[in-house]
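The chain below stands alone and is given in structure tokens; this is the form predicted alone.
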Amino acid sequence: MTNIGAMLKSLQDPMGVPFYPLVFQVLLVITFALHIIFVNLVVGGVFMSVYGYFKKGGHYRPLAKSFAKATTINFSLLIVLGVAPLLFMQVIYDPFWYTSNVLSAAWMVGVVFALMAAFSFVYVFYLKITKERKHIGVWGVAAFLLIILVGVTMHAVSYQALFPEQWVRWYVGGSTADFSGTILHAFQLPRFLHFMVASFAITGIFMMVYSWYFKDRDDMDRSYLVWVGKAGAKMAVVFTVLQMAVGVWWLLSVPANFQFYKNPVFIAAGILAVVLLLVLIEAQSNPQRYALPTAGLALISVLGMTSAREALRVLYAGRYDYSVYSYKLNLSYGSTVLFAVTFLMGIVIVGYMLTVVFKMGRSSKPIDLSSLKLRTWSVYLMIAWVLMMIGIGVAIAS
């Protein structure tokens, strides 16, 4: 283990990190939580749209259309929000991440094309189901299978990164080295299912929010919205129970010497899951009333789970005397300030766009948005940011 630890440290970026590693670790947890929520919504959304298409009767067809449309948006956010945690991972866990990627390079390159194809299929399915075309289920099914394939790949690459003592054996595999990168070397079913089962619980909560969001529109069928809310609440509670069962199965697969069941971060995440389940049980009687509190609690619960995931990764890395907190520090205040300013500006601008979308979607009538102060701030901040980037470019060039 000592030699492995030395190897990992030698693979770190010799330039070090530009700011305190703890900050990158916190950002990794937060951004991954946001990313995985949209992963859950895409997995569950594609499944529900395809299921609704084949089910046909009752309210299933309009539900399929709504999910098909929402999934095109959620898929875009999945990809955009996936960039940040990927970058933060590369900053503080670069020896693990890059090595694992190289070991399964063909699969990781294939992920890009699989995502492109899956998004295209989702969009085709949405366009065709809107126009009531026949025999279009194949597009949705193909998209779902590709998404699962991407999930399997990302799980395997992330999981095999935790076992550096196996890397040489996987790479050599006998008397010759394997340069193909065509093998996924590690897979753990309960860990994978822990992400997949959650998709249907989060999608159920999304249906509750959907029911609440459109309840005041005069062009929406009230009986349809009530049905969506109740179906979503039922699905959320059933799959939250299954998620907890899978979580216990996954916990039993964690190395016993970690004693992870005693970890305070894991305990906190477990408590949040139980509270979420209790609220979902209470929400069965009136899903619209509990939609927003449940959604907020679900977000916090996912954040707790991603925090527990990071705590476990720290334990795995600690077996080789690897700690992100001892990463070489090479403070760069300029790049850090630029990142922080850009991040804050992005929050304001995205906040404005979300506010506009939220207000316009809740009513079938035109909405006056001229009084929104965020609009003015968004314009000024964008202009200031462009001028700042031009100034930095001129300063560097001169």
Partner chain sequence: MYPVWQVPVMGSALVIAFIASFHILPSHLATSAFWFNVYVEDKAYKEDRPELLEFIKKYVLVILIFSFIFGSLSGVGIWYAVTVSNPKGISALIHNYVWGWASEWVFFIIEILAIYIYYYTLGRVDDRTHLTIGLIYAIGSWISMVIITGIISFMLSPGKWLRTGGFFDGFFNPTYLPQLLMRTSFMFAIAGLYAIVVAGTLKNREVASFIVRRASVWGMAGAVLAALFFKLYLWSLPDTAKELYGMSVLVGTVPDIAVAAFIALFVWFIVVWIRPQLARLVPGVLAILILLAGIFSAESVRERIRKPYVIDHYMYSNQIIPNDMVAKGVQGEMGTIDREGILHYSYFVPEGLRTIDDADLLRSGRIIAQIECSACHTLESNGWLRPLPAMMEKAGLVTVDDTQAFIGFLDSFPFMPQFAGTAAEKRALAAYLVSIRPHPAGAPAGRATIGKIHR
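Since this is a predicted model, take the numbers as computed values, not measurements. Positions refer to the first chain, counted from 1.
Another form, the form predicted in complex with the partner chain, is not on view; read the next lines as being about it.
No residue in the set 56, 254 and 306 has a non-hydrogen atom no more than 4.5 Å from the partner chain in the predicted complex. Among 189, 73, 138, 281, the residue placing a heavy atom within 4.5 Å of the partner chain in the predicted complex is 73.
For the chain shown alone, residue 98 is a contact residue for the partner chain in the predicted complex, at least one non-hydrogen atom being within 4.5 angstroms. In the predicted complex, none of the heavy atoms of residue 51 sits within 4.5 Å of a heavy atom of the partner chain.
Contact between residue 158 and the partner chain in the predicted complex is not found at the 4.5 Å heavy atom cutoff. Using a 4.5 angstroms limit between non-hydrogen atoms, residue 128 is distant from the partner chain in the predicted complex. Stretch 89 to 97 is the answer when you ask which of 222 to 230, 202 to 210, 89 to 97, 243 to 251 has residues with heavy atoms within 4.5 Å of the partner chain in the predicted complex.
Residues 15, 16, 17, 18, 19, 23, 24, 27, 31 are the members of 15 to 47 with a non-hydrogen atom no more than 4.5 angstroms from the partner chain in the predicted complex.
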